[in-house]
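A single chain comes next, written as structure tokens; it is the form predicted on its own.
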Amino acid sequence: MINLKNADPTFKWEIAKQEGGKQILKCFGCSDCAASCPVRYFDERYNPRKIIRLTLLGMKDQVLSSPFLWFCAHCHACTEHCPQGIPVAELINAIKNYAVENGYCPEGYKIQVELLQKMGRLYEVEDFDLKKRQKIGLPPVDKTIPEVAKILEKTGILNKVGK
């Protein structure tokens, strides 16, 4: 049961203002997005229709604090099946972006940003990797990519995720 006592009636309008969030008001909750979602096939707790519905109802804290918001694989199956033509994957991204701007960012994402800042990629390239590349005729790669840290700094993403 959904308790609307703490609902924020402005939440859907705030999401609608986000890039990719404009068409949230067109959703009539048919569930085609959930039915076509391959992530939902593996974990039924992820449900894009439910995320959108709760957003429309103003359940801001419940949506933004949900770990399931971050399960979207961005495959666009939901978008391709939406009878309203809603870019559902973009809408979920809009909600994620809003979540980060409001201090809701999963620790795993923060760690990924930290790794990108430190190495310019999500994994460390070691001498062993370079020797393997050389052995099969691949060109060497730099162990770090400092330009990525500059991009993170210029875009302000470090401040947004709280790192």
Partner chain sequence: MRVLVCTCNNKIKLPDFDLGPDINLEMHTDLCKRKAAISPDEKVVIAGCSPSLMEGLFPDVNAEFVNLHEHIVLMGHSMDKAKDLIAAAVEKMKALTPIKRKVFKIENKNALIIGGGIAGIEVASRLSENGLNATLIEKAPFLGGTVAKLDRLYPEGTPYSHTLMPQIGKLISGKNINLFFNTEVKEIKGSVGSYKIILQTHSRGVIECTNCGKCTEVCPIEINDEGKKRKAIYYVPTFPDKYAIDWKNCTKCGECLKVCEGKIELENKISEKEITAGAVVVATGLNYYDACNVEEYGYGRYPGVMTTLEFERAVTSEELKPEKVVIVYCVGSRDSKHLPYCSKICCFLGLKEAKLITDRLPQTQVYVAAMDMRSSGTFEYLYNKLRERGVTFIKGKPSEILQRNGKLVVRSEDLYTNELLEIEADAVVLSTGFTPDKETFEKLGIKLNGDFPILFENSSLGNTDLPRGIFTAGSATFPAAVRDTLIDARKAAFSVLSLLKQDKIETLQPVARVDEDLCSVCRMCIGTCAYNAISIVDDKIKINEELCMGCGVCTITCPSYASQLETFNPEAFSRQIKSLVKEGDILALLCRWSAYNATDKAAYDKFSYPENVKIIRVPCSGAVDPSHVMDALDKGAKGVLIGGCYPDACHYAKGNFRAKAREQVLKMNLESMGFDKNVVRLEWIGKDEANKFVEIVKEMNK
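Quantities reported herein were computed from a predicted structural model and do not represent experimental measurements. Numbering follows the first chain given and starts at 1.
Below, we turn to the form predicted together with the partner chain, even though it does not appear here.
Here is the short version: of 117, 47, 97, 66, the single residue with a heavy atom within 4.5 Å of the partner chain in the model of the complex is 47. Proximity to the partner chain in the model of the complex, defined as a heavy atom within 4.5 Å, holds among 105, 34, 113, 27 only for 34. Proximity of residue 41 to the partner chain in the model of the complex falls within the 4.5 Å heavy atom cutoff.
At a distance threshold of 4.5 angstroms between non-hydrogen atoms, residue 82 is in contact with the partner chain in the model of the complex.
The stretch in contact with the partner chain in the model of the complex, judged by heavy atoms within 4.5 Å, is 47-55, chosen from 130-138, 47-55, 66-74, 117-125.
Residues of 144-161 include none with a non-hydrogen atom no more than 4.5 angstroms from the partner chain in the model of the complex.
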